[in-house]
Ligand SMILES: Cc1ncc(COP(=O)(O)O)c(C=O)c1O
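A lone chain, given as structure tokens: the form predicted on its own.
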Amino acid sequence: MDLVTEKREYTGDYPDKTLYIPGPTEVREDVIDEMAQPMFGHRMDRMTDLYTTVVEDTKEFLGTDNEVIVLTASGTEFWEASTLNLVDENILVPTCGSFSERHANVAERLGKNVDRLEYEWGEAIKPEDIRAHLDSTDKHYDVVTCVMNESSTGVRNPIEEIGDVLKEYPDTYFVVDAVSALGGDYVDIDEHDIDVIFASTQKAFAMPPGLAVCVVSDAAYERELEKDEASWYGGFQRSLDYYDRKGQTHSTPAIPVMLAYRKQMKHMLDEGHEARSERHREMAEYTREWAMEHFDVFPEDGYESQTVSCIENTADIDVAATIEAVSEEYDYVFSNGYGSALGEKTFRIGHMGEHDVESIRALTDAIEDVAGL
């Protein structure tokens, strides 16, 4: 294995590239500018104004009565935290790609008993399979998880229907990884009894990396209170009780990114949750139609992602060379397939955040030009 063992000096002298990868994505200039404000203390009243604005605006945008936590972390933090906070022993993890499999790996690393409900990559998780599994076992699961948007394969799993199934199992909590979907794909969190759903700001929220957003139900909060052990940094009780008392985060946050969050959330509120989702749907439909003209789409029919298209390379183009040429000639960056299994068999286009159909068309035109399609 080749290792990077020597310093490679960051010069700042790099060409600007428009990002069409599955995150980070493009960020508005006025949102970036917010990060250049003078620094202030994280226990000052100004921080209370900032953090309460961030939290309450997020609740309003998502249309939820559940509690919201925004921590300095990647969304990965809430894989760990939700497992520690809610699982005593058994957790059911349906897997259909790299990130759902990684969720299972995290739970195993934390010492939990993990049962997988395995699907081929490209297939979607089915609610009826989860019901059948729960009905056929004497084992009690503290948690069932689901990745909303499996960005390794471009699959959008039916979390709403899965949530409706789990309403029938009130002692089992439903945890959703929506890292690459929330903010770009509408979901009614409260209606479908999702106990925990989390995301990262650098995806469909179109903010800089550095913050994780988690929505927590009252039931999940109460469940943690019953446990002898829970996450310290990502503890629901610790985070939410501190917010109730102080209107701040329990530990020092990335203040500049919080300032960017505040600005971007105002833009998101202006657009609205459903309208933002509709714009993402239009981008996804355009990308799939284009893909079907020249290639094929990798996900199971009817379960395609609204934020990331995984395109099957049926035209047998040189994916790596095409990505490099598009980057060099157009300053556009899209992504290869995920991992060694899909690296040249697929490629991925992230149509999320502040992109629209016209900006996605600019990329597909560039791919056509470079690949001679």
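Counting begins at 1, following the sequence as shown. This one's a predicted model, so the numbers in the text were calculated from it and none came from an experiment.
The next section is about a form of this same protein that is not shown, the form predicted in complex with the ligand.
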{"property": "Candidate from T172, S277, N90, T76 lying within 4.5 Å of the ligand in the model of the complex - any heavy atom", "result": "T76"}
{"property": "Sole residue of N85, N157, S180, T153 within 4.5 Å of the ligand in the model of the complex, by heavy atom", "result": "S180"}
{"property": "Candidate site L71, Y221 and T249: all three near the ligand in the model of the complex by heavy atom within 4.5 Å", "result": "no"}
{"property": "The ligand contact at F99 in the model of the complex, heavy atom, 4.5 Å", "result": "yes"}
{"property": "Exercise: T145 in contact with the ligand in the model of the complex, heavy atom 4.5 Å", "result": "no"}
{"property": "Close approach of S231 to the ligand in the model of the complex, 4.5 Å, heavy atom", "result": "no"}
{"property": "Q202, heavy atom within 4.5 angstroms of the ligand in the model of the complex", "result": "yes"}
{"property": "Heavy atom contact within 4.5 Å of the ligand in the model of the complex, the stretch among 262-270, 296-304, 194-202, 126-134", "result": "194-202"}
